[in-house]
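One chain comes next, on its own, written out as C-alpha cells in the form predicted alone.
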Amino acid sequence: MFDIIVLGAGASGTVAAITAKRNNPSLRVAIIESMPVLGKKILATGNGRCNLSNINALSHEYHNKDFAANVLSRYDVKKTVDFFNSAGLYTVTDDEGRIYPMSNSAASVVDALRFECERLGITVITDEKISNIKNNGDFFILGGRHRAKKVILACGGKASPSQGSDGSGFELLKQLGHKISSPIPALVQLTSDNKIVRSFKGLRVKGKIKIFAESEEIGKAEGEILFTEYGLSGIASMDAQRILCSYLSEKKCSVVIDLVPEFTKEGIRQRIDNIISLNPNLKSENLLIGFLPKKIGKGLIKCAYVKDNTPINEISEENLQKICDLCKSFRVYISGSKGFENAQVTRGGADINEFNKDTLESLKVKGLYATGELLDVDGGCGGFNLQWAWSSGMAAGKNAANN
C-alpha cells in the first residue's frame, strides 16, 4: 500500500511525486510509467533542448486561462526555477523570455528529476501500463494490484502517442465518473492543398499571421514560418493551428501571412519602384530577391499572373500593386493538420469544472488529482505548456501530501 501513486513519469508527474515527498518525507510515494524510462516525452521537447518555461507565463493566453491562473500564480515561474535549482539544474533565459537548462540539453532535465526521485526514495515502476482504476472509498486499486490512499493522474493527453501520451488517462478518469471533452490535436503543423505553398518546400520566413474561420478573424500569430511539402510548419504556424484547432472540422479556415512585416505595403512599393528605376530590364522573377527567398518571390509573381521573363519595367500598375498586396497578405486555405502523432499538446480533456481550481483535486472522487494535459488547459509555443505541467504537478503534489 502506498500513500500516493502518481500515474505518469512525465513533466507534471515527476514534479508531483517529488513535491509530495519533499512536503512529507514520511509518505510512501510511487510513480508508475507505461514507457520503459522516466521522462521520455521531456527528452523530445524544444528539439532536444527543453524549453522549460517562459517568464511571460502568467500573462499568457492559456485555453481556460481563468482556471489555470490560480495554479500558475501560486506555483509560478520563479518557483519552477527554484525547484530545478534545488535539484541541481540551472537555467538561462533568452531575449524572448524562454527559459532553457544551462546545459542546453533536455537530458539534463530528465537526469535532475530522476536523481531527485532516487534521492528521496520515490519508487519508480516503468514499463507498466495501467488500464483500470477503482476506488472503494478507503483506497484506490490500480491495474488490479497497486493500492494507494491517493492517486495523482499525470499520464498526459493524446499528443505524441509514441512518447507515451495515448489517451489512456482519459479512460481512467471516465472509469471514476469524470466527463471528458473530446480531445483534438493542438500545436501541430497545418496542411494545405495550395500548390504554390508546396513549391516553397524547405524555405523559412519570419512573418505575421492573421487567422480566419470563414470570414471572421479569430486570432494572430508571429514568428518563424516553414513551408513544407504538406503545408505550413514553424512556431507561428503551430500557434496559428492551436487557435484554429476547434474550427478545422467545421469551417473553411485560412491564414493570411505578412511575409515582409519589416515594411509597410507603401514601403515595399517604394523599394520596388527604386529597383525598377535602377534596373528596368531585370526579369520579373528576380523582383523580390531583396525581400524574400527567390523561390517565394517567384511564386508571388506567378500569383500576380506575371510571366517570369517579363522585364520589370513592363509590369502593369495593377500587377505591381497586386505583388505588394501578396507580400503583406498571402492567403493560404487550410485543409487540416498533421494530427496527434505530430502534435505537441492536446486541446480538450477532463472537464475543469469537476476539479478544485486551487488544489486540482477531483470534486467527484476524494483523493484523486489530475495534472498537465489531462486537464483541459493548453498554451502556445514557447515553454508555456511545460510551465503548466510543472505548476500543476507542484499543486497536486503539495496538496495530496498535506491534506
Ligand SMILES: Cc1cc2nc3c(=O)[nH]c(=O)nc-3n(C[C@H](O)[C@H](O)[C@H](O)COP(=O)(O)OP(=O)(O)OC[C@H]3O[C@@H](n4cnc5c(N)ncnc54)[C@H](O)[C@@H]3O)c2cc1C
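Note that the structure is a prediction, hence the values are computed from the model and not measured. Position 1 is the first residue in the sequence shown; the rest follow in order.
Missing here is the form predicted in complex with the ligand; even so, the following discussion is about that form.
The candidate spot formed by P25, L173 and G349 is out of contact with the ligand in the predicted bound form: none of the three has a heavy atom within 4.5 Å.
For the chain shown alone, A395 is not a contact residue for the ligand in the predicted bound form, no non-hydrogen atom being within 4.5 angstroms.
For the chain shown alone, K251 is not a contact residue for the ligand in the predicted bound form, no non-hydrogen atom being within 4.5 angstroms. Using a 4.5 angstroms limit between non-hydrogen atoms, S391 is distant from the ligand in the predicted bound form.
The ligand in the predicted bound form comes within 4.5 Å of a heavy atom belonging to L386.
Contact with the ligand in the predicted bound form, judged as any non-hydrogen atom within 4.5 angstroms, is confined among 66 to 74, 331 to 339, 359 to 367, 41 to 49 to 41 to 49. Residue S168 is the only one of S233, T310, S168, S108 with a heavy atom lying within 4.5 Å of the ligand in the predicted bound form. Taking a 4.5 Å heavy atom cutoff to the ligand in the predicted bound form, the contacting residues in 1 to 37 are L7, G8, A9, G10, A11, S12, G13, I32, E33, S34, M35.
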